[in-house]
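Shown below, as structure tokens, is a lone chain in the form predicted on its own; questions about how it binds or moves come after it.
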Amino acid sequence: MTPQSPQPPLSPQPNPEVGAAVKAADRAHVFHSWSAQELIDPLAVAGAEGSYFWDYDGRRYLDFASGLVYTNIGYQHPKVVAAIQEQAARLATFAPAFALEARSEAARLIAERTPGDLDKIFFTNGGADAVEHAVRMARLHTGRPKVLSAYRSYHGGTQQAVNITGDPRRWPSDNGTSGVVHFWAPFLYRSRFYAETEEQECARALEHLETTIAFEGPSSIAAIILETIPGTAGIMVPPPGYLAGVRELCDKYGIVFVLDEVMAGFGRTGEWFAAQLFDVVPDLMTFAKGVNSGYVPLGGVAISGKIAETFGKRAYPGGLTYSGHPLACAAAVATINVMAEEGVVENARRLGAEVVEPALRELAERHSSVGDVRGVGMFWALELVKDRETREPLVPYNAAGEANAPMAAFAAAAKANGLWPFVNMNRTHVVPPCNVTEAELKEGLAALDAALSVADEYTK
């Protein structure tokens, strides 16, 4: 069945007075994440439906960011909204130590779709604490302290998760005592291994990782954690054989293999989980975001049999007050059922291959600012550059202020054309809802085309 993305009002009713009040209260009292508070100007949002949202002035935006890459079934899906309402009327909340229908069913539906024997589900409030608990489980299971993670990665904003993260958001909170070691994962476009082919990149990245393991001491390493396909860091699809090679290294040295599917999971890549693209089964897998399209905060860890067995008669020393919250789990049940009934995963796979990829590659041929196109399903990135030959990024790494002006101009042009982009450093990501329609994609791609013309003005 082809998914239908609900259409918003063609002309959302403007209400600038209410918008001004919302904005004033926000400015007075809300402290925003990852921001210098006096330098931001948050848009006041009046409503959202399907692939669109709109402001109080009646301007409508096609959301090519899916919120923060989590509205995999779009905004306000009626079946999920109804499930939350029904659960609230029946049992709005209850402690995590009890067996509840919504929680049990959500765990069953997730376990049905995870690869291999990842059949036990530990629920958290989101992706960062899912990573925290996955790392804790790995350390307790192995009795080892260290965790290896990639430089180009993002694993969450809590203290352990941000230390595991490889991007600059780690720097202000990196205390250097958390037992985390970073390594280079494969990325041919900006290879750290002087590779010229995907095969070389894969082989050299695996050699580098095994050398890192050897010099850190295999008996000290509890886990290797990787985003199956890195998300915020750039949507870099690993070369064939890489994840299987990491799996082999983990088995060789008794290391727990953790895949972070917080962003890539639940249909985003055209599979239920990105691990299925590579036929790899980790020992632990984290999830959040798309599990219920972000309608109520929910995350979790899918746990293999051998890790679960460690805590069969030994208490697991961790938990959360809202673990498996009934409203969140009811939203997950409804979301997973909607995705299955409406063919959302298949839609992401088909339109990604038939519409998004060819269109982005065609844009790359015409726009001097596009250096690289990469992705799968509804999970794509355009690497924007000043110079295609040298691959110099359009803006410097971690640019801010005036140095970031070219990307700011690109983003402003996209928004002026009714497209809300996902922009990070020198990249724009194309990550619309997984149930986006072909017509919506073409509308967004046309707006992206126009915005790239602005980026082209900054190229050499």
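Keep in mind the model is a prediction, meaning the values are calculated, not measured. Note that residue numbering begins at 1 and tracks the sequence as displayed.
Keep in mind that the form predicted in complex with a small molecule is missing from the display, and what follows is about it.
- Figure note: of the listed segments 182 to 190, 354 to 362, 255 to 263, 386 to 394, the one touching the small molecule in the predicted bound form, with heavy atoms no more than 4.5 Å away, is 255 to 263.
- A residue is said to contact a partner when one of its heavy atoms sits within 4.5 Å of a partner heavy atom; Gly126 meets this definition for the small molecule in the predicted bound form.
- By the criterion of a heavy atom within 4.5 Å, His77 is excluded from the residues contacting the small molecule in the predicted bound form.
- Not displayed here, the small molecule is kept clear of Arg268 by more than 4.5 Å at the level of heavy atoms in the predicted bound form.
- Though the partner is left out of this view, Trp272 does not reach within 4.5 Å of the small molecule in the predicted bound form, counting heavy atoms only.
- Of the candidates Tyr295, Trp380, Tyr154, Phe278, Tyr154 is the one whose heavy atoms come within 4.5 Å of the small molecule in the predicted bound form; the others do not.
- Out of the listed residues Thr232, Thr114, Gln87, Ser149, Thr232 is the one that sits within 4.5 Å of the small molecule in the predicted bound form by at least one heavy atom.
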